[in-house]
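For this one, two forms of the same chain are given in structure tokens, first as structure 1 and then as structure 2.
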Structure 1
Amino acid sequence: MAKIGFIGLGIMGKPMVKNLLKAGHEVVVYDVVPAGVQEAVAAGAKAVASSKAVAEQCVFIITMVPNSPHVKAAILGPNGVLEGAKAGSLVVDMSSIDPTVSKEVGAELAKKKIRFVDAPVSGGEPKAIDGTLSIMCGGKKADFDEALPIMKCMGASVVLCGEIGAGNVTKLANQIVVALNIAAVSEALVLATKAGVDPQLVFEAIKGGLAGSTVMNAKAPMMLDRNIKPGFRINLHIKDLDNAMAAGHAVGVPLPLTGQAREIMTSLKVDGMGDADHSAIVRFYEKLAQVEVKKQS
């Protein structure tokens, strides 16, 4: 079993640490928020006082923080991983960030002969809890192979997509598809409701056909139950779509539908739903149509 450093104990990081502990690994943790650290320690992890201290104690280090600036702070900033890590250490960033930042972080670590893999995840809190995340990786094959057994404690699918940055490009592609799929399901169920057809029956009728998807199966029931408790918050999806737009602009790819989805989510954030699940996109369409999507029987 390995000794693993883990930085970032939020909605995703906490269950990921618990799955590493269940697999028998020793886990050393740090977060700027004490509550997450306390929960991880209660599950069997050991807490230290900084990202630097994590890296001093572990040669395999995972970061799972909200966005690009947090990754740079945790790894390259004062008291960060770079200050404490030994040459030959392997850093796996499982945050969802701008691919150009992944490349920048990887290059800085390489100066000290520290290896790096970007490995963002998809599946939200439910799949983090049951250890069935989809993990998309960028880095050298040898580094990926070394990290694979540990990542398999947290994910059902772990794929090397290319060099450093490729994992986050893949995650951004994933987030575009998820956002637009939720928006399409929302439009469809609002149409059904306004037209007087039970949206539950519409969902049951179409989910087994070409329109069916993992996104629909996960999010339509939440819409029908009027449940917006977050598995994945709108604020975080806005962050991902901002990164997707930036990546698109950097390589000259227009993303018109992604831009529309991002503006829909921004409207919901203005309405106070930034911390709601992204299935709350349906509320945007409900407001336009003056109806509520819900089970009719």
Structure 2
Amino acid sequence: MAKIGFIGLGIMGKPMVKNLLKAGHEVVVYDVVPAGVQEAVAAGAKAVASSKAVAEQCVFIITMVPNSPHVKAAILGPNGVLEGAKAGSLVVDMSSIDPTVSKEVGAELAKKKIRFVDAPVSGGEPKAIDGTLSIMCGGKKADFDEALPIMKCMGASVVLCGEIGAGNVTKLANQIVVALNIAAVSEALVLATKAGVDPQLVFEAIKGGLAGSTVMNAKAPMMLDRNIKPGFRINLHIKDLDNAMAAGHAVGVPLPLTGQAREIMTSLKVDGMGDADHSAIVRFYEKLAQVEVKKQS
């Protein structure tokens, strides 16, 4: 069994640590906020005082923090992983961040012969708890192969998509498809409602055809129940779409629909719904059309 360092004990990090402990690994943890640390220690992890201290004690280190600046702070910043890690260590960043930052972090670590894999996840808290996340990776095949048995404790599907940064490009592609799919379902159900057709029956009628999707199956029932409890928050999706647009601009790819979805989410955030589930996109369309999507019977 391995000794694993884990940095970032939020909604996702805590259950992921618990699954590593359940699999019999020793886990050394750190977070800038004490609440998550206490929960991980209660589950059997050992706490240390900094990311540097995590890296001093472990040659396999996972980070799971909100966004690019947090990854840079935890790995490259003062008292960060880079200061404590030994040559040959393997750092796996499972946060969803800008792929250009993944490449930057990988290059800085390589100067000290520290290896790096970006490995963002999809599936949210329920799948983090079950240990059935989808994990999309970027890095060298040998590093991926070494990390694979550890990632399998947290995920049902673990795929190497290419070099460093490819994991986050894949995650951004995922987030574009999800955002635009929710917007399309919203636009369609608002049309049905205002045209006098029960949106529940529209959902039932079309979900088995070409328009059907996992996103529609998960989010249309929430829209019909007028439930905007997250799930996945608008604010986090805004972060992902901003990263998608930065990545698109970096390689010269216009993302016109992603830009529109981002501005729909901007509007919802201004309306106080930044912490609502991303299915609250339907509320934007409802406001335009002055109609409410809901179950009619």
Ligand code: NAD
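Here, residue number means position along structure 1's sequence, counting from 1. The structure displayed is predicted, hence computed values, not measured ones. Definition used throughout: the rigid core is the maximal C-alpha set that superposes within 1.5 Å between two forms.
Here, the chain labelled structure 2 is taken from the form predicted together with this ligand. Shown in the overlay between structure 1 and structure 2, fitted on the rigid core, is a CA shift at K287 smaller than 2 Å. Here the two forms are laid over each other by their core, and the C-alpha of L21 is off by 2.4 Å between structure 1 and structure 2.
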